[in-house]
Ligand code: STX
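Read the single chain below, which is given as structure tokens and is the form predicted on its own.
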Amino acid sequence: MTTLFPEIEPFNHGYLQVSDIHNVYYEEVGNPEGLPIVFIHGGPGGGVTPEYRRFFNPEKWRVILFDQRGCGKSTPFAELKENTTWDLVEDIEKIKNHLDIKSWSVFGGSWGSTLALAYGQTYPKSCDSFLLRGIFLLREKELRWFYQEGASFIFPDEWEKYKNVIPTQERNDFISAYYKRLTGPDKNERMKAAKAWSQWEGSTSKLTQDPNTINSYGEDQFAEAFARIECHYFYNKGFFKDENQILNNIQLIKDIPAVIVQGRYDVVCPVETAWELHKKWPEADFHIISDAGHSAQEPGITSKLIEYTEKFAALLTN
């Protein structure tokens, strides 16, 4: 079992103004002369943490991490204006160009896999390889499973906390009901909804529940950005023209080296989605981790991802 590399601090960090109102925070770790790779975090609205720097051999990789619009250290905080999938796709390319990188590998899990694929299909020549985990394609059946009915049968105790924030008469569409509250003028109501939304995901993201994870998802600052931005994207169906847009355009990236890593017992992003992507993209390596849920911190998922960061470093160096 492979574990994370040692803790590491950035050798470079800064802000890039990507629109009239948004400034995106980015940082670089590892080897300035190494193979470039961009880490795309989940959510939307999750932000990066120091742990994310540690999936990569610091002697081989030049790792670029950034906080997507409205979350983490990016400003303005929790802002929904000019915050769409396609804005973020352009931000990734702007960061690449700002750092004078010709092309790079793309690493993303959960929503990060969605955005990685959307970016790759928009800028295939910018992508050397894909390392994807916990596949999420933001289709109606995936949203309904986790936010309306499905995962609720597995975690009824945690679902009750999520459900009880919304009056009975509005429970036929939880995403819309939460969106109304998360974008409303009442701060107390916003924060109550944000914590319930966020902790529902924190409660279900690991094969074995972790109280520290649940508590961290309920912290005011994290919860506000995470819930507001996630719900904004989900209410707007990811800003895709068609919910099968990513699957229908796999041919644009099918010959780029890729791996798909999926937890067998992922409740947040069930394995069916990863399986459908695999069937459309047989050229990509595909691994179901038998004893894992959704989180990148599941030991089997961590190990497989690091195995592939090492494997792709060798592949791209030769």
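Quick caveat: nothing in here was measured; it's all calculated off a predicted structure. Residue numbers here begin at 1 and follow the sequence given.
The form predicted in complex with this ligand is left out here; the points below concern that form.
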Closest heavy atom of residue 105 to this ligand in the predicted complex, within 4.5 Å or not? no
Test of understanding: in the predicted complex, would residue 270 fall inside 4.5 Å of this ligand by heavy atoms? no
May I ask you to state whether residue 91 is within 4.5 Å of this ligand in the predicted complex, using heavy atom distances? no
Is residue 158 a contact residue for this ligand in the predicted complex, using a 4.5 Å heavy atom cut-off? no
Work out which of the listed stretches, 82 to 90, 119 to 127, 228 to 236, 160 to 168, brings a heavy atom within 4.5 angstroms of this ligand in the predicted complex. 228 to 236
Given that this ligand is left out here, which of 293, 30, 36, 46 has a heavy atom within 4.5 Å of it in the predicted complex? 46
Can we say 25, 61 and 66 each have a non-hydrogen atom within 4.5 Å of this ligand in the predicted complex? no
Any residue of 62 to 95 with a heavy atom within 4.5 Å of this ligand in the predicted complex counts; write them all down in order. none
